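Below sits a lone chain in structure tokens, taken as the form predicted alone.
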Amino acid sequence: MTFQTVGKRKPKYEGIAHVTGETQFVDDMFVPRTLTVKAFRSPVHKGRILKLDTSRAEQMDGVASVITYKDVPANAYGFGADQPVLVQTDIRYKGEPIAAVAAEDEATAYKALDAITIDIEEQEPVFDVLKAMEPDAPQVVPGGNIMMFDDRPYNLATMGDVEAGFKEADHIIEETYFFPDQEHTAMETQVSLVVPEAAGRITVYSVCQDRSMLLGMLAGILQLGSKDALKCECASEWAGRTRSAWRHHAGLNRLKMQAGPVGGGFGGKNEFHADPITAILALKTGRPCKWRWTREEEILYSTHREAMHITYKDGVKNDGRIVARYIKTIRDSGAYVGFNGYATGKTNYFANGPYYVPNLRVEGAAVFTNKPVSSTMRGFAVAPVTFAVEAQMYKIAKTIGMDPLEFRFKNAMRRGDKLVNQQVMHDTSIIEVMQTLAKKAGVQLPDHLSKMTSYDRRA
């Protein structure tokens, strides 16, 4: 079956519908009596809510409902169980949702937002990870701005003896690189449509890319079970459960989530943006509710790829062999945990690139700032260090006077080599890939490089 597919042109099963405009995305769906949802967002980057008054908005003609944190059954979700659906007191980033309205039309929804008043004690935010790591920096989260990994303020991966490797080296070459954050800018913004069904059930039409995980989280947030049903302290308790475990959560039999088709995601729709708020409003009003984010909201407040500071310190022999490498990454996590703990460990394992270094130490730090949450994007947790390691390889080659391509061949991973997590590489082929690319680019490799293979024993 594999050889009937790999390398063959196959028609995209929904391709005709896409090119003819027949595909129905979530925003194309029409359900009678649907209410328009809009969010009242924080006007400041950091602060404490002293007073929130939604009474004028609630009394407006055409407004079906206004919700605050009081209306959220379990107001904590995410892998750190730290992110509220609607802020209760402490604001961590500008644009964070504080309240939401459901109205008969968009104009009325915006008027309702204007009628909400708030009194905030504004506090000093911190946007730069290096400043956030300083002892006297303003606190983004209780307990400190640096995420802890067991008893360390960084995720650690090691192999060999790095200090001994540096003593053996003829050259020590160090550089720090910066990778900026990136927005996905998918053509489709965040959209959620929630339709109440019979017997207290709801159907969620979502643009999410990770339905299985988010279904469990949404069940935890909504707490749809009976009074005698199993309850969870926060939505996150159900985030990583298997489907068999989820069946024990009584609320799941009242919740259906239908995903997509997605009008562009690239990782930007792996976390909740709109669904919990829309679902709560649909349950409260008994009417379908739809929230379509504006492009401005998408760019300013949705999850994005992390910014990262990446330092490489390399010990290199005169013959071009890297004998020791120390890597330190500092990840801008934004205001909440999200995927950032997992991503930091993933970065550690890819930070060395497709190269073999016998003595390796990688320290990955994740730091909180007063920004929207950093999360998944294509090449998740790998793209920043891929850029940095290749820039470093080029810098080393130039510093020791070796051709950058030959330098890569000399240090390329071979079969039997180990990654920093001790995984043995049984089927690597970076040498063959570089040979193929050189041929296609019209680069004539010297004889010793063209004959090299990934099976060769390392000298």
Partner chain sequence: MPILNFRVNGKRYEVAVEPTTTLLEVLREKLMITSPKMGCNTGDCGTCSVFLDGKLIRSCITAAMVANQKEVTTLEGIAPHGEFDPLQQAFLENHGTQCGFCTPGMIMAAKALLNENPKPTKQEIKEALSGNLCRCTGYKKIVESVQAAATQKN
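Small disclaimer: the values here were computed from a predicted structure and weren't measured. Numbering follows the first chain given and starts at 1. We call the rigid core the largest set of C-alpha positions that still match within 1.5 Å between the two forms.
This protein has a second form, the form predicted in complex with the partner chain, left out of what is shown; the following refers to that one.
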Problem set entry | Stretch in contact in the predicted complex with the partner chain, which is absent here, among 144-152, 90-98, 361-369, 261-269 (heavy atoms within 4.5 Å) | 261-269
For this session: Mark M187 yes when one of its heavy atoms lies within 4.5 Å of a heavy atom of the partner chain in the predicted complex, and no otherwise.
Result: yes
Exercise. Even though the partner chain is not shown here, does G442 get within 4.5 Å of it in the predicted complex, heavy atoms only?
Worked result: no
Exercise. Would D447 show up as a contact with the partner chain in the predicted complex if we use heavy atoms at 4.5 Å?
Worked result: no
Exercise. Taking heavy atoms and a 4.5 Å cut-off, does D53 contact the partner chain in the predicted complex?
Worked result: no
Problem set entry | One residue of E183, E297, E175, D71 in contact with the partner chain, assessed in the predicted complex (non-hydrogen atom, 4.5 angstroms) | E183
Exercise. For 20-39: residues with a non-hydrogen atom within 4.5 angstroms of the partner chain in the predicted complex?
Worked result: T20, G21, T23, F25, D27, D28, F30
Problem set entry | Did K10 shift 2 Å or more between this form and the one not shown, C-alpha, core superposed | yes
